[in-house]
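As a starting point, one isolated chain is supplied in structure tokens, in the form predicted alone.
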Amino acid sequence: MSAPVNVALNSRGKLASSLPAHQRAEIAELFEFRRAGYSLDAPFYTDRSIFNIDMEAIFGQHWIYAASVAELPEPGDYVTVDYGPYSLIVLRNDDGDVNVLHNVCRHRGARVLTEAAGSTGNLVCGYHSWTYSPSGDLIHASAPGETKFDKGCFGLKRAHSRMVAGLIFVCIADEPPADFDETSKIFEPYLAPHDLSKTKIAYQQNIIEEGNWKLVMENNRECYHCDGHPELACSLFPTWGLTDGVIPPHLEEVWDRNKEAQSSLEERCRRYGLPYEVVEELDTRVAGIRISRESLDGEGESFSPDGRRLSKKLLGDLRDFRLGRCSMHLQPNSWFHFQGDHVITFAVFPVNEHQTLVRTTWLVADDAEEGVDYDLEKLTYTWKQTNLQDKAFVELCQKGASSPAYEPGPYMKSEYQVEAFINWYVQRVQEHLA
């Protein structure tokens, strides 16, 4: 579908539109005639023009999960977050909040910070040493010359940020979607007792998956494939996503054990005043969400072979390790597992139409000591293996979508959350194209 771009320039010398009108109309038609309940047509996963639309309509307009506060413990600490054509600096300021700045020097456009993470005072571009304050104000430009030069006009461009329950979200739109505040009110009571402000990074893993970002998200939204996760299946009930009446015979015993474990978990949650109910608005609000607290198999404490804790230190104000997993899905790029002993965050950052960065971060209590309170290899083993297996599944689908023989297939009942994700995606893009 990709075609050469040949459109008019606006008065500021930029392209008035990233796509010619006829091509944009062709893409809009693909969205309009998307078959509900089926996977998307191949161009959604393979075409550069649709990827560019995704960057405009999804990653350019909506709240994106960027990092946790544990990644920025002190003023001056930063992470750089790259997705599609964008690069952002997320920097902890002296007030304890964060500044989010476009990582594009206002002189010649060079990347200002080139490391994935670090700590800095002022931000100095390595090209010509233009220097910015942590809030993005230009405070020094060496030898600007005799031309009229107002430094106040050349600060780093800023983006929006929200910090909720220790999670940092960014939005580069001029006017971010307003309902994120309502979504925040849903998930904050679930996550706050784990107190991410008193955690530290035990390990962070970056994987480049050879697949479109939507395939990564689709894969995460169902457990139909969970027979392919033997390590995860030790603690995660493989009946996730199933309901009474659709349990296959080989999982009936597991289903009964799951229901009993969930009942016990809910009793403990009521005792400790922890919310556990399922809230599922994946495609019924702009900031789509699914959150719940769900039981784990075995001892019910963590993602280990027997379900026992993987760190000896409880998080935050929690009083019991047997709290299963508080799991949250947020549209469009993240999911999380909060246990009593550690937290795992997952962020999806598209690279291009066929590559996606998946960032997984394991957080433990800030006073937990490696080798004493937790064994790093054991802490990370289950999800490291699961991530590699998911990477392979996504890449199989990407190869399939690239084949002339590919055509969309139907989602099964247990894949209803995949359909919700796709429905959310289609709605958001259509709103943008309208």
Partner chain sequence: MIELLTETAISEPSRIRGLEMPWNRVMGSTEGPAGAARALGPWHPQEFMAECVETVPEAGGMMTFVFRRCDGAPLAFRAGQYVNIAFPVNGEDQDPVDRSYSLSSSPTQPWTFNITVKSDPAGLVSPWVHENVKPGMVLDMLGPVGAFHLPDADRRARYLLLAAGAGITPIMSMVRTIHSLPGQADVVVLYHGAEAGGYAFHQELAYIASVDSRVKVFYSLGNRSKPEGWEWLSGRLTAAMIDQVAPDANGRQVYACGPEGYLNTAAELLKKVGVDDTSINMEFFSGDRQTLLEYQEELALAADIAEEIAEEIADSAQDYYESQPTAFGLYEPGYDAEGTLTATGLPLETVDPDAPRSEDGSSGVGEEPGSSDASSFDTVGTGSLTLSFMRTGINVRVDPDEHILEVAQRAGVRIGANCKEGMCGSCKVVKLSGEVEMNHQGGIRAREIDAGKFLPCCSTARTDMVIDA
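Fair warning: this is a prediction, and the values are worked out from it, not measured in the lab. Positions refer to the first chain, counted from 1.
The same protein also has a form predicted in complex with its partner chain, omitted here; what follows describes it.
A heavy atom within 4.5 Å of its partner chain in the predicted bound form is found for exactly one of P134, G84, P176, G288: P134. Checked against its partner chain in the predicted bound form, the candidates P189, G298, G228, G76 yield a single residue with a heavy atom inside 4.5 Å, and that residue is G76. Contact check for G121: a heavy atom falls within 4.5 Å of its partner chain in the predicted bound form.
The shortest heavy atom separation between P332 and its partner chain in the predicted bound form exceeds 4.5 Å. Interface residue remark: A365 is counted as part of the site for its partner chain in the predicted bound form, having a heavy atom within 4.5 Å. The closest non-hydrogen atom of G316 lies within 4.5 Å of its partner chain in the predicted bound form. The chain is drawn here without its partner chain; in the predicted bound form, the stretch among 253-261, 152-160, 350-358, 113-121 whose residues come within 4.5 Å of it by any heavy atom is 113-121. Residues of 320-337 placing a heavy atom within 4.5 Å of its partner chain in the predicted bound form, in sequence order: D320, F321, R322.
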